[in-house]
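Look below for two forms of one protein chain, each set out as structure tokens: first structure 1, then structure 2.
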Structure 1
Amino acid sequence: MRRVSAGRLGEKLAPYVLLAPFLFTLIVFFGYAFVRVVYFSFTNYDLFSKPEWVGLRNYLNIFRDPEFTRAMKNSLTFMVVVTAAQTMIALLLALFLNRKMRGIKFFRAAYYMPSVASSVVVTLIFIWFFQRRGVLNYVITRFQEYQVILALFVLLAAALQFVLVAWEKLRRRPVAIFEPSFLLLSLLVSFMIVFGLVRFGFILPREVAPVDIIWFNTTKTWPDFFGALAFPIPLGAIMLFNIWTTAPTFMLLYLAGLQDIPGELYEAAAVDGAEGWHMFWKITVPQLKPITFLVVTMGLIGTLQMFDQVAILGSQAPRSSTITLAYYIYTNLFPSSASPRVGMASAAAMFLALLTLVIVYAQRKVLGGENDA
């Protein structure tokens, strides 16, 4: 009799036993931590003496701190630009890679490569890449030298492509505007013509002084006509390589989504006479809506937390040009030459948490649709 009840008790406790380790981390390192940060945000505390209640003063103070507003602006700019760009690039890449070909897996892996390395690795490589006499400035220099020639090349290729496609259409054969084989042919022929022109001296590359863009150690902003909305150039550089590393991850999500779209939808549309673009907007985009929702949510949460790149750049870029909310919180907790301002850090942290929740909620309202649970 006792054995049975002991067994029953064991059964009753089983879920909690199985959950115990997770509950421990969830409660101590999340629940308790969150509540405590809420509390800290209303206090004055330097990690050593007792916290002292100050009401809302920290919240008022962070908004008076120009560094905080700077950080908020940087974080929001970063969030908008990176999330938008990486989502679109991820979708385009996925569409391009969504074909049944031998060896396509190799290309998927190759494109995904930037995403497997750590933020430290990627950031260090890119700091080198963006040196004043670095690879990027060299590429830009060469680009400026060959600007006219490149323009000629592109125009020529476009003209050839147009002629080829028009010719096929006249012969009433099915052909797409960007028919790959035609495109390759146009590009090759155009390249050969332009190469010949340059080789025999009919047109020459311009003489250009080496481009000297300083990517990190600068307080300049770009683009000029944007006024107060322009972003600092170092932040722009971080955006560039951040997009480069995160887009492939989301590309994988889109690829999985594309493979789940039933082929009959396209077949039915084709029977109704729908064309490529029409199918894309009427079938692909709506079918991918849950994925887009997920990609955008993950993108928003991820970009709002951006910290590593700023910390790794450290003193190589001016603070005001790269500081983000996450970095602001960190530096208030561990300032290099002052006592820790836990209250300020916590208030900023609460602001970041709220901002994340509000933005994710808002985008759920806009994009969520039928997925609104």
Structure 2
Amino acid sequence: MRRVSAGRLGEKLAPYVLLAPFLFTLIVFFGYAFVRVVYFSFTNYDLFSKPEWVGLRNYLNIFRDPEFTRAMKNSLTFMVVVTAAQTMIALLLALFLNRKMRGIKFFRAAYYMPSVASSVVVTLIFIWFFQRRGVLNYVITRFQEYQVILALFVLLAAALQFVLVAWEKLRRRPVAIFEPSFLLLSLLVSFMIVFGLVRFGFILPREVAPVDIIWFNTTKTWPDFFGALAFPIPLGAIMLFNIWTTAPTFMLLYLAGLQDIPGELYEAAAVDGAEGWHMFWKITVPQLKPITFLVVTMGLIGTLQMFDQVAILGSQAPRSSTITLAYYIYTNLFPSSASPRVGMASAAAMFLALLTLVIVYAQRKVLGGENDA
């Protein structure tokens, strides 16, 4: 009996032994730190003198600080735009990469590369990319020069695709709107026509002045018609960069979810006469609801805590245009030429934690978790 009891006790203790390193790290480095932050948020402390109890003064002071309100607005704007964009782009990439075609593994690896590269290195490349004489302004300039030519190419391809699909429909043959063989033929014929028009001088690129958009060293906002909701251009540049580096990670989650959807559902829908768009809304989207909940949750938490891109960007952009809540906490804790304001930083950190909790809980009620799918 004793041997049996000892064996059962060992089975019960085994999970805790395996979890011991994680629990130790969680309790010492996170639990203890959290308790200290809560305490410091009610004190006046500068890392050198003894903490002085001030009650709720730090919480009142952060809301009186214009820099904090600016940081909160930037963080919320960043959260909404980046989370929505990276979720939609990740889903579209996953739908594209879920196809069975040659070389698909190469494209999956290529799209995922921005997520595995060093954040610091990629940010430095991003700073060079957005310079006034950088790659992005050059590409925009070339796009404006060839805007008419590109528009003509797209219109011709769309017209040819429509004619080919309509012809097959009239012959009562089942064909998709974006039939790959027709699409390839439409693009090829359109390219040959447009190339010939350009080659023989019927249409020529426009002459435009080089684009000189200032992406960093400016306090201008965009879009102007949004009024108070317009966001600073430097913050918009960071949004583009963040979307580009985080969407591939979420793409993998969606790709795994797509491959887990039973094929019988699509076959049954096809028998009932459903087409691609109906299948997407009635089968794909509901089946991916748990994945969408996970992606949105991770996106909300990650965007609210965004710090490294702003810190690396540093003085390249005005502080008011890029400051976020995480960076506000950091600069109060480690100011460049002033005494640390640990109490203010701790109060802002507690507010950020509470804000993250409230937003994630609200989106759980809206989207629902796995149990609601």
Partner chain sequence: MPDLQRRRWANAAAVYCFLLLLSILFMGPFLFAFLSSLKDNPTEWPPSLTVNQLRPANWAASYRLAKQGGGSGLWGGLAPGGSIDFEITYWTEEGREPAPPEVVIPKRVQGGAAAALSVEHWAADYVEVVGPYEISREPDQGGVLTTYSFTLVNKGDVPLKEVPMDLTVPMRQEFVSATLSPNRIERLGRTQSWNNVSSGLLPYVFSNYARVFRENYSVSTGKRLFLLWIRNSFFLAVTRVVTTLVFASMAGYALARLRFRGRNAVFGLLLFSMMIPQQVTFISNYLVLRDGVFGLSRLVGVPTLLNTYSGLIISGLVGASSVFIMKQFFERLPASLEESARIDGASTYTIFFRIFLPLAKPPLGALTILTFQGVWNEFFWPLVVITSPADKYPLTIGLLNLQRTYGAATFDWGPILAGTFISALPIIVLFIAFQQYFVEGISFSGNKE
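All residue numbers here follow the sequence of structure 1, with the first residue given the number 1. Only the largest set of C-alpha atoms that superpose within 1.5 Å between the two forms is called the rigid core. Note that this is a predicted model, so its numbers are computed, not measured.
Form assignment for the chain places structure 2 as the one matching the criterion, namely the form predicted alone.
Here Tyr361 does not count as shifted, since its C-alpha moves by less than 2 Å between structure 1 and structure 2 after the core is aligned.
Once the two forms are overlaid on the core, Phe24 shows a Cα shift of 2.7 Å between structure 1 and structure 2.
The shift recorded for the CA atom of Leu13 between structure 1 and structure 2 is 7.2 Å, with superposition on the rigid core.
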